[in-house]
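First, one chain by itself in structure tokens, the form predicted alone.
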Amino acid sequence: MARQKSLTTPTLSPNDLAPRTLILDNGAHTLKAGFSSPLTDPAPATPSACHIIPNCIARSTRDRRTYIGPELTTCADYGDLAYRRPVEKGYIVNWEGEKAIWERSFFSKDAHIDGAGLGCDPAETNLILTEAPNAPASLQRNADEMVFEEFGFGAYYRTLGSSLNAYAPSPFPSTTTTVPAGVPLECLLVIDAGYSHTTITPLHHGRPLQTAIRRLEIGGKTLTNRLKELISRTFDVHREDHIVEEIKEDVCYVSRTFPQDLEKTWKGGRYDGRELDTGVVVDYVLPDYEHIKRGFYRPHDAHVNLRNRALGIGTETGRREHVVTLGNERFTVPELVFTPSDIGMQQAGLCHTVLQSVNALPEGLRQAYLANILVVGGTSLLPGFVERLEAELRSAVDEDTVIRVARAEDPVGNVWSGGARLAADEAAVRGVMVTRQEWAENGEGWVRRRFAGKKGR
């Protein structure tokens, strides 16, 4: 499985970087990867150059196959998949698994995603690798050693994923001045609602203000597990992570009128029977991977006998349909991001966590950051997420305070886009990269201080 190391691997001098840079946003759920070249290159990087790769090793009990990273896209039946993820709580804790995924994605002879080649020679490639805030020094050291000693990249830059958002195009419509590639936005408060957790990171010219970084231990994984638990009360989906994630993506939303929506899904008591609001309650048809490759939802019909549907009675062409009825689960699950106490977590919700981060800043800077809030991450794609966040923030601050919240055009790939724009500026990327020669001469401690911004070249 492991790539054989070359005994004569060339190294780059500090003033001689490779022409191509691999930007790798190493998320807990997926890798966002692609190449970028300097602006002088006749074919600069575009958003389509970002490839999304499953960051997991999955074992199927149905076809008895093990899928590593990009191989998962070839799976025909996602039922009963057992996942093993090398990233936990935002940090790479299993390098053996991550190494196997990187090998299949970038270093094998047939490395390809959707027909676009991502194969590369590490010695002739620069690497920009993202990490979560406040990573332990031991995990940072492991990452540096793997990049230089195991894979042998020519040059390397490890940075917070949130920081690269400052180099991406501004999502605010009032921004009239186009910021050139390699130049970060001045003030940005990044809310990264990811798979493992949600982080709030204030950035000043692309540099994180460490004392104001806050973390909410709720992400897409928490929501998926909660939805799985609720659905399993009537239909067992404990081993169907992939299907439950699709259900979450298809029907869940963040409610701005939580009590009213809860009332619409209340059936009433024995002497207070009520009709369910079909605008909220839906029937979700589960995939069988034979006739139905992906599940879909339709308005709830109280007169349909779901047991007959499961037997193929009353369905089109007589095919069997396993149907799950979803009511308040659609909005009570995403509500956990804003009220974690619903499941007993002793943490403030997203709005209060954002204000904790802002209040940790000098008073003169708070308005600038509240007016430049950027939302990224896959969880932010839930309908109503940004609107609910902005409404709660407005109600929690003074009326004369300007609140401006925007979601990136591509919340999942925005970090990669920022990294691609940074790599497109040859002078900027040269100022942050560490070469293998510098690693060998100065040691791991110097490299960690350099990436933390504590040591110049």
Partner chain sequence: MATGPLRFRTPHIEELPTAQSRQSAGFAWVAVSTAQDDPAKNWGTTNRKRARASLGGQTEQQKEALSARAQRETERRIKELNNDNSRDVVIEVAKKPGQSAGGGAFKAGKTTGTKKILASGKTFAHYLDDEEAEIARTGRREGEVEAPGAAQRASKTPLARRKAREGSSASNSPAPSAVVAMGPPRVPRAASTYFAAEPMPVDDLDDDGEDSEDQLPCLPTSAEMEALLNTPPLTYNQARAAPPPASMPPPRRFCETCGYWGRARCMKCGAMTCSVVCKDEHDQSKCLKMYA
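Residue numbers count along the first chain shown, from 1. Keep in mind the model is a prediction, meaning the values are calculated, not measured.
FYI, the form predicted together with the partner chain isn't displayed, but the following is about it.
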Contacting member of 163, 372, 380, 255, with respect to the partner chain in the predicted complex [4.5 Å, heavy atom]
372
Check each of 348, 183, 306, 285 and return the one that places a heavy atom within 4.5 angstroms of the partner chain in the predicted complex.
348
Should the three residues 215, 344 and 404 be counted as contacting the partner chain in the predicted complex, with contact defined as a heavy atom within 4.5 Å for each?
yes
Looking at the partner-bound form in the predicted complex, is residue 205 within 4.5 Å of the partner chain by any heavy atom?
yes
Residue-level contact is defined here as any heavy atom of the residue lying within 4.5 Å of the partner chain in the predicted complex; does residue 430 satisfy this criterion?
no
My question is simply whether residue 356 lines the interface with the partner chain in the predicted complex - judged by any non-hydrogen atom within 4.5 Å.
yes
Quick one: does residue 157 come within 4.5 Å of the partner chain in the predicted complex, counting heavy atoms only?
no
Based on heavy atom distances of 4.5 Å or less, which listed stretch (277 to 285, 245 to 253, 129 to 137, 296 to 304) is in contact with the partner chain in the predicted complex?
129 to 137
Near the partner chain in the predicted complex, with a heavy atom at 4.5 Å or closer, the residues from 366 to 382 are 366, 367, 368, 370, 372
